[in-house]
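In the form predicted on its own, a lone chain appears below as structure tokens.
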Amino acid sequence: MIQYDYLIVGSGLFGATFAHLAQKRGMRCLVIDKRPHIGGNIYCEEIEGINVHKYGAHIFHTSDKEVWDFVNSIVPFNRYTNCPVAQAPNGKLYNLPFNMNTFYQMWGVKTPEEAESKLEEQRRDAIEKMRADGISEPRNLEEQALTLIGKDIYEQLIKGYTEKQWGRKCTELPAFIIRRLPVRMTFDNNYFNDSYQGIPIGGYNKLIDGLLDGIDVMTNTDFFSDRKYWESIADKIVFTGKIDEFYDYCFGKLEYRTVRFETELLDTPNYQGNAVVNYTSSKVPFTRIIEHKYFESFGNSVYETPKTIISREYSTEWKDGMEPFYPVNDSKNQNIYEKYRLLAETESKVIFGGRLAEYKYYDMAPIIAQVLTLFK
């Protein structure tokens, strides 16, 4: 029996935004989620007054004023600016993204002209070596990085981190992954170039709660446990889960990378002095440490809370039962996904959206922009 206009499978940002906009247009929606909470991967858990990003750091950034105004109409955002730091194999700390601070720390250069000269020297060395080996174009991530940024920064800040992140040697990863490497000839540590950036005041749960206000929601509810029933109660389905699972893996399983979090409550108000510190050495098993209070505390206000919470992130290969995080963007998986995508295009009752349903890594703002466009 039809009870709803839309059954929305998944309460992450795509599903919650869709439900919010549909309800505003007078449509009846039911949102179900197999997890015990709503919000998908942007869910926060409050511990000792600190909002812990349960599934990794999420920083909202966009240059789309419509998207920024939309999220701020649900909950006001703070002024958090992402300025990560990297601890390199040589033991030194470097600013990210690569900018004049990084080049000064690496080479002692003080002007853009000096930095560009050093970069050109290292790029030229890499290109000449490739040509000597009979290589005209970068064949993999390592060769691409060396031609873009040179040996020093590649070895200290890229190689180890990337190989931990993907579980593969840089020589085995496609060149396109790093083709848009940001290089700035300014003393600017802001990681993003977007016009707007911040964290919801009070945490991301405030955003999801606002989006789903007044909408029927069921957690601990698995769509696949009684699929026929769930398909029978709504005119249409918005599906944000794994597209290969939706089609019972008929073309094979898609592969992912996942992340394991080791979260620790520390009896100190300030552990590392920054929200994000990357560890680029291959000898350090985790990729980075997140100190959660820095997303919502600024300056000396971090000392207002006597304790702090950190999360070490370990990147690993995904297996059944784990949470899928990052699609593996190689040709094998893209060919499998393309078969599912073509099959999904034949559906008249189902809308597929989000990183799992589209087998694509998304930032948060493009997800919201995509849903806003759907409703236009």
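For every residue, the number given is its place in the sequence shown, counted from 1. Note that this is a predicted model, so its numbers are computed, not measured.
Below, we turn to the form predicted in complex with flavin-adenine dinucleotide (FAD), even though it does not appear here.
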property: Residue (of 67, 350, 32, 50) lying close to flavin-adenine dinucleotide (FAD) in the predicted bound form, criterion heavy atoms within 4.5 Å; result: 32
property: Interface membership of residue 41, flavin-adenine dinucleotide (FAD) in the predicted bound form, 4.5 Å heavy atom rule; result: yes
property: Touches flavin-adenine dinucleotide (FAD) in the predicted bound form: residue 61 (any heavy atom, 4.5 Å); result: yes
property: Heavy atom of residue 57 within 4.5 Å of flavin-adenine dinucleotide (FAD) in the predicted bound form; result: yes
property: Exercise: residue 249 in contact with flavin-adenine dinucleotide (FAD) in the predicted bound form, heavy atom 4.5 Å; result: no
property: Region of this chain that lies against flavin-adenine dinucleotide (FAD) in the predicted bound form, out of 22-30, 342-350, 322-330, 304-312 [heavy atom, 4.5 Å]; result: 322-330
property: Contacts with flavin-adenine dinucleotide (FAD) in the predicted bound form - residues in 213-227 whose heavy atoms fall within 4.5 Å; result: 221, 222, 223, 224
